[in-house]
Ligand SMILES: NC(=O)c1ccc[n+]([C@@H]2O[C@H](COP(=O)([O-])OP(=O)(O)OC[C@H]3O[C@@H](n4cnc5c(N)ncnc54)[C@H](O)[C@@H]3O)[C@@H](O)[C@H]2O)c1
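Only one chain is included here, represented as structure tokens and corresponding to the form predicted alone.
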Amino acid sequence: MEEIRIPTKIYSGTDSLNWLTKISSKKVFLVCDSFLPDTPAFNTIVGKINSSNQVSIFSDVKPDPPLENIMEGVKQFNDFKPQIIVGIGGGSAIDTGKAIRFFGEKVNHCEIEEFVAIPTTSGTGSEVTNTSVVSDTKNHNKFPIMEDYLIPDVALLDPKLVMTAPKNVTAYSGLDVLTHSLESLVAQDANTITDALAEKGIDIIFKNLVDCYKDGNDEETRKVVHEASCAAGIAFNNAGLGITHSLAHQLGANFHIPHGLACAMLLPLVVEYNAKNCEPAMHKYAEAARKAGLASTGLSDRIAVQRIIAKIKQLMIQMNCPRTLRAFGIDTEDAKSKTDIVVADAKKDGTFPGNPVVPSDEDLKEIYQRVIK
């Protein structure tokens, strides 16, 4: 029996923030990126929360949220005892809010009434997922907290909040959407509904991401990509992910590669590997290529998959993304020396079991070695 869960109420559009006006006489805990306070976007959001509410702000959010940083937020949670948490920002901010909730509720033996997510990047899909990825900086690894109750109750998708994102954030986060779509498409728990969401995400990113990168002020294109990010989040939250993510988490933990970029570096290699070793995966990739207009119905599955791989590389070139660790500035010998650690930790990652093929250690090593240079 398959279970498909979409518990989040999703509001999309330039008027979506008006939902916040419904909050009344509550303790509202805002968790946001460190650069957001006092910006026009943040002031707009806070301005929607009326004066009957008490508001406390935790803005000390760091990329790839470190555990010690999260515990600082938990202290503030303990003191304030909020009824509603609003996570505002990129994936790190929303993940931080989820993790603060996770630990704060356990410490205080309480449950908040509502978690609201307001993404300011089109990438992680964290506004509709059950996962918060936390960094253990002492041991140089990442671990996911995965609990269904952490799925936000409400997601507010305002495309205006994404327009100010720097070009590299637009590129990396958009490539993360593509990775979520392609991985969930062939993941172990994929089904007809997740396939539909994943295929649409692939189509939208291939056709619109570069336009967003070139002209961030195109509201309609931003809205479409923002919704694709959310759709891909729903897809992978139900279907699972795979070894692109399990390896990408290690690139982030060991070399501080931005997550979306790490995924994009690995994605062509993993698509090639999965297609070569799993015929159903090859066929699903090929069908997605055809639906996105990359391949005609007359082309073989193998050539259609090659078109997807070539398109991913083309996107990275068009958006000036380094495609290897060496191109990003990582010392190749240092990267090679960490091969065994990367492989071992990738196999422990929560996304690893979702891959359509169970890779050997040698398979993982080969993929990792190829992304080094």
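Only a predicted model underlies this, so the values are computations on that prediction, with no experimental measurement involved. Residue numbers here begin at 1 and follow the sequence given.
What comes next is about the form predicted together with this ligand, which is not displayed.
Residue contact with this ligand in the predicted complex: residue 259 places a heavy atom within 4.5 Å of it. Contact between residue 166 and this ligand in the predicted complex is found at the 4.5 Å heavy atom cutoff. Proximity of residue 250 to this ligand in the predicted complex: non-hydrogen atoms within 4.5 Å are absent; the residue sits far from the partner. This ligand in the predicted complex is not approached by residue 345, whose heavy atoms all lie more than 4.5 angstroms from it.
Figure note: of the listed segments 208 to 216, 187 to 195, 85 to 93, 99 to 107, the one touching this ligand in the predicted complex, with heavy atoms no more than 4.5 Å away, is 85 to 93. Contact with this ligand in the predicted complex, judged by any heavy atom within 4.5 Å, is made by just one of 151, 282, 265, 162: 162. In the predicted complex, 35 is the single residue of 35 to 56 with at least one heavy atom within 4.5 Å of this ligand.
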